[in-house]
Structure formats: structure tokens, C-alpha cells
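Just one chain follows, in the form predicted alone, and it is written as C-alpha cells.
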């Protein structure tokens, strides 16, 4: 569904509910020139820029938290193969909210004291505007709303109609799911509508927003999915080590992404015994 050159809202936040399986499949299908819009993500962004799938990021941060900086992203920026437009977390969240509300821009004060209002990259003068407020005459910053071609959101559960439930931290996924022109939901589990009705407060994304559903286990591996599985620290450490040099990154890419047919092949390579060790323990959720 995702053609080359698409803009994508990318759900999850940090280690939580990253749509890694979707990033892998974009690489296998050799997608190109994608613009990824997210507050902050980690392994998935490293995969997409490292494999040449994405050449633009509109983000607030990227790193492999607790382990180190984003080696692939830094290398691709240096090579001129990746452009990054830098916003704050709040600014990106406001852009998604504006898109969900179908308004062209959102006001924000907190960028006014930063260099972000002075410097722009590929968005140029469309990055933001500083204007005189028509009501107070004070300076105020406006950031453009985001309405990407697709929103990609990973949830814990979804029913046959598309009602999607999220446990734990939600991040910007409520606004992000509503701002895209089409919404693809990835879920760990397909459940019956009766289960949805037992916990209606957990249905963060109603079915009316959803265009496509993908059901797979361990979508976020090696990241985590609250109440389903923890992050795989050993794999994350290996991943971060192998991204330090291009040859080692290509080795990981060939072995774990291009070297398997699909997500099931990836899980087989990780090993089901290892995966089941990551299963969450109730009631802690990790």
C-alpha cells in the first residue's frame, strides 16, 4: 500500500510499541524516499535510514536510549543521504494534533527560546512561522500541522472491526492515528468485540479511523510491548554494536532482514525459546 515517496506518521515512543516488523517489510519491499514523521524512535529509524528506505525525518530525537547514539542516522546525514528537520517533542505532538483537528497550524510558545526558530533544513521557510498574535500583539510560534499519507500504529489488541486498544504509555498515537490519510494498525492479538466492550476505556483508536489491520506476534522486537513482552537487551546491544561501521550494519541487514522471507522468518531466526523468555509477567507488564 505504501508507494515510494510517501509521508508516514510513525507510532510508538522510544522502546515502547515500535512498529519494527513494518520497518523490516518496507526494507524487504525496497521502498525508497520515505519521509518519517514522529516524536522519537530508535531501532526502527536506524533500520529505515540505514537501509535507504527513508531519506527524510521530521523528528524530535533518535537514539538507542541507554546504549548510545544513532550510528546509522549520523552516518547517513554525514553522507548526505538523510535530511533531518528538527523539532521538539511538544512541537511534533502539536503538529499531529493539528492534523487530527484538520487545521493548518498550531501555536506553541516553547520553541521561542531556542535556535529551532532560526535554523531549518529541507522544509525551509515552511518549518515554522513566528508572527505577532492578532489578539495580544505578542510574538508566537506557529508549527505546520501534519497530514501524512499513512499513519502506522502498533497496538496491543484489535477486534475484527478495527477497534484498537493500547495499554501503557500512549505517546502521540491517538493524535497520530487520526492525522493520516490512511491508518494501518499492527496488533499483537485479534480479539472478539465482546472483549472490546468489557474495557471500552482502552479503545484508544475507534474502528472508523482504521483502513487496514495486520496481526502478528512480537511486532516490536527487539523493543517492547507493554503487558506482552519486554525488550531484548542482548539483541539491542548487538544491534547497536553492529551499526558502528557500515560493513557490520550490512551484515545485520543481510542476516536479520533481507535474509528472511517475512516476519515469521525473522522470529524463527531470533528463536522462539528466546522470545518466550521475554514474555511479560503479570501484573508488572514487562
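Just so you know, these numbers come straight off a predicted model, no measurement behind them. Numbering follows the first chain given and starts at 1.
There is also a form predicted in complex with a further copy of the same chain; it is not shown, and the following applies to it.
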Q.
Given that a further copy of the same chain is not shown alongside this chain, does residue 94 nevertheless sit within 4.5 Å of it in the predicted complex, heavy atom to heavy atom?
A. yes
Q) Looking at the partner-bound form in the predicted complex, is residue 167 within 4.5 Å of a further copy of the same chain by any heavy atom? A) yes
Q.
Against a further copy of the same chain in the predicted complex, would residue 102 count as a contact residue? Criterion: heavy atoms within 4.5 Å.
A. yes
Q. Does any heavy atom of residue 133 come within 4.5 Å of a heavy atom of a further copy of the same chain in the predicted complex?
A. yes
Q: Using heavy atoms only and a 4.5 Å cut-off, decide whether all three of 126, 142 and 201 touch a further copy of the same chain in the predicted complex.
A: yes
**Q.** Single option in 191, 213, 216, 106 placed near a further copy of the same chain in the predicted complex, where near means a heavy atom within 4.5 Å
**A.** 106
